[in-house]
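Only one chain is included here, represented as structure tokens and corresponding to the form predicted alone.
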């Protein structure tokens, strides 16, 4: 539900109506926080008290990942930006109040350089042209910058000359990748990649841990608020150094490796093989000898662990907006960890999942909203659940039948 009343107090943007990405920009930031607080209370208050939302001190230019579609306007000029809501029309964006300013400047430079090298946007209907999208990622702590050029084939006319000029204009770029995506799809990146410059990934520092980030890696887009969110998650987990922790939906290992600093053992499970590969590299990068990452379905992994009689003290879960499915929730309940720390970007699906867990032995102890996406409808919430069994004793991790760990 969007607010009905416009206040005129927000950070106005000339593209506000055409773009549609900043649904709440017609409100002042304090009003946005109030709106999100009410939203969380609406869905979650039946489980207990919802703490006051934690806002962002400077809620602008927080997105460390920026992607732009490229096309041709009716007058023949090249445009780059975002697709207008519910359309295939590109809204040309030079600078966005949410996006990293360095990333925006690089995308604009790519757009300006294309005609000079007689390179043109790809036309999907005609099957002609060179550039489909540009994706830029920047490490806020390290300053490292990745540029991904998405093309329909691996052909790159005047590649060396184009790259030399781009790097001359933006020497802060540390790696350039060509992603080949010739399919008719809404997905931006293709499966095939070529490293054109640099090491093919960037690194960033989050919560005192260093992370390797590849083009296809999931990494939170607002690192400033991610540190706030993960700080609350660790506070809720109350790790003492004796616990075995399972990080479901672990991605590149961000939550698990932060937890590893205060846990006895961390197990990360993720279905995306590329992410697991990055997670393993990140464990080595941080010297986290107590962390192991596995490519598997987290629900099946936990079900097999429960059948084997293995014990886990804390489960971190950070599912997509659709929330967790029933088999996954049943697997969590069967594993019966002492604590569950549930991070969600959708309080509605989170409330649905909390209701299931509360019917299966858990109670919600704490709920903390964090504004990860200022000026948009989205809000992140971290909840802590405790198992109500009285005879719970933390057991050292000694698998009785660890076949599921050999994947």
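Quantities reported herein were computed from a predicted structural model and do not represent experimental measurements. Positions refer to the first chain, counted from 1.
Another form exists, predicted in complex with a small molecule; not displayed. Remarks below refer to it.
- Only one of the listed residues (281, 244, 272, 174) places a non-hydrogen atom within 4.5 angstroms of the small molecule in the model of the complex, and that residue is 272.
- A heavy atom within 4.5 Å of the small molecule in the model of the complex is found for exactly one of 106, 237, 149, 298: 298.
- Heavy atoms of no residue among 143, 201 and 223 are located within 4.5 Å of the small molecule in the model of the complex.
- The closest heavy atom approach of residue 254 to the small molecule in the model of the complex falls within 4.5 Å.
- At the 4.5 Å threshold, heavy atoms of residue 313 stay clear of the small molecule in the model of the complex, well away from it.
- Using a 4.5 angstroms threshold between heavy atoms, residue 120 stays clear of the small molecule in the model of the complex.
- Proximity of residue 319 to the small molecule in the model of the complex falls within the 4.5 Å heavy atom cutoff.
- Contact with the small molecule in the model of the complex, judged as any non-hydrogen atom within 4.5 angstroms, is confined among 176 to 184, 290 to 298, 109 to 117, 153 to 161 to 290 to 298.
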